Structure formats: structure tokens, C-alpha cells
Ligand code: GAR
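Given next, in C-alpha cells, is a single chain: the form predicted on its own.
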Amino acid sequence: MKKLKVAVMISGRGSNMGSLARAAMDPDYPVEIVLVLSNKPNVEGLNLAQQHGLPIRVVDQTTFDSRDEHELAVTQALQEAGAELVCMAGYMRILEDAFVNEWRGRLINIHPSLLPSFTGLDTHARALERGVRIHGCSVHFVNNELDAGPIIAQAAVVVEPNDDESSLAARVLEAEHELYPRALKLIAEEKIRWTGDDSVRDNNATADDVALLK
């Protein structure tokens, strides 16, 4: 079985990277993780990647004079690893247009809300403040607008009456760990394809493939 070569970009603990790594341990999972790249040194996620036997690379953002120079170095590292698709997994840095355009259609992200609601930061606190009854997470292609690329798959999480930000975040993160490997598998199996900034084409993908209710 030909496997899709994937790089994962992290900035911290790498819990979603860990979920992808665990999925990739299955011989039947159609993905090979060829690199875990961090923009920060000495983060917990790098240790987790090494525990899974994955190659790691640090491209420290503080050692570059500009974002463009840093992202050129990131692209070079990804290309050297042979990455065909890039997964952002807690990569806490807004990407420049040049990087997004270089990887257009081959760059995905997981976001802790049911997009298009609650783009950006502090999603759980904002969801509680708005009084929503259903929250969740989304995997989407990355385009040049923050958290606005075509949605690949989503998981819905019921907001409990006694939830606070911490308890809600914990259940959403659990859903993320299930959703991200499933969404990546859909791409590797070509059931979900990039067709441009406005659409994702479903090719034999069922409703259960692209949506979870936790």
C-alpha cells in the first residue's frame, strides 16, 4: 500500500500529533509521518515524537530576521523530508501568504470550534459566554484567511450545564484526537479532495466519515 507522506507542525505539547502518530502505527493506516517540525525548541511534543520513533526538526523562529525567512526554512525542511501533505497540530503561529500558497491544497489544520463559529483564540470561553449548546472541533484546509479554509470533517461536543472552560476544553480535545486521524485518512484515501478555496469534493465519503457526535 502506497502511503501518503505527512509532516506535522507543532509548537507545544503535541497531543494531536500524538494521536496521528498512534494512528500511523497501524500497518493499514494509509499515512507515513516523515517529520515532526517545531518552531520552538525544547517543547514537550518533540519528546513525544521521539518516543514514537518519529524524525524531528526544530526551525527556531527566534533565529530568523523575518517571518518570510523563517517560513522559507520551514518549507525547505518539509521538502527535504519528502512531505506530500502538512498537518498543523497546535502550531501557534499565523502563516504568511507565501507559505500558504506554496502548500495550498496540501496544508490542513485542526481548530477547537465548529467552524465557521469562533475562529481565532479562546474558543471554549467564547462558546460558554455565548451560551451555545453544541461546541466541537473542525479539520479544515488552510487558506489565506484565518480558520476559513474548506472544512474536511467536524466533531460535535454537547455543552453540559455545569461546564467551565477547562472541562469543555478537555472533552473537545478528546474529540480532536479522534477526528484528526479520521480526517487525515479521508484525504490519504482520496475520499476528500481539495478543489479550491471554496469547496471540498466528497468522493465516496459518508456522513459518518466527516461528522462525529461526542
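All residue numbers refer to positions in the sequence shown, first residue = 1. Here the structure is a predicted model, which means the values were calculated and not measured.
Beyond what is shown, the protein has a form predicted together with this ligand; the following relates to that form.
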{"item": "This ligand contact in the model of the complex: M92, any heavy atom under 4.5 Å", "value": "yes"}
{"item": "Touches this ligand in the model of the complex: R13 (any heavy atom, 4.5 Å)", "value": "yes"}
{"item": "Contact label in the model of the complex: L173 to this ligand, heavy atom within 4.5 Å", "value": "yes"}
{"item": "Contact flag, I108 vs this ligand in the model of the complex, heavy atom cut 4.5 Å", "value": "no"}
{"item": "Segment assignment from 71-79, 100-108, 125-133, 84-92: heavy atom within 4.5 Å of this ligand in the model of the complex", "value": "84-92"}
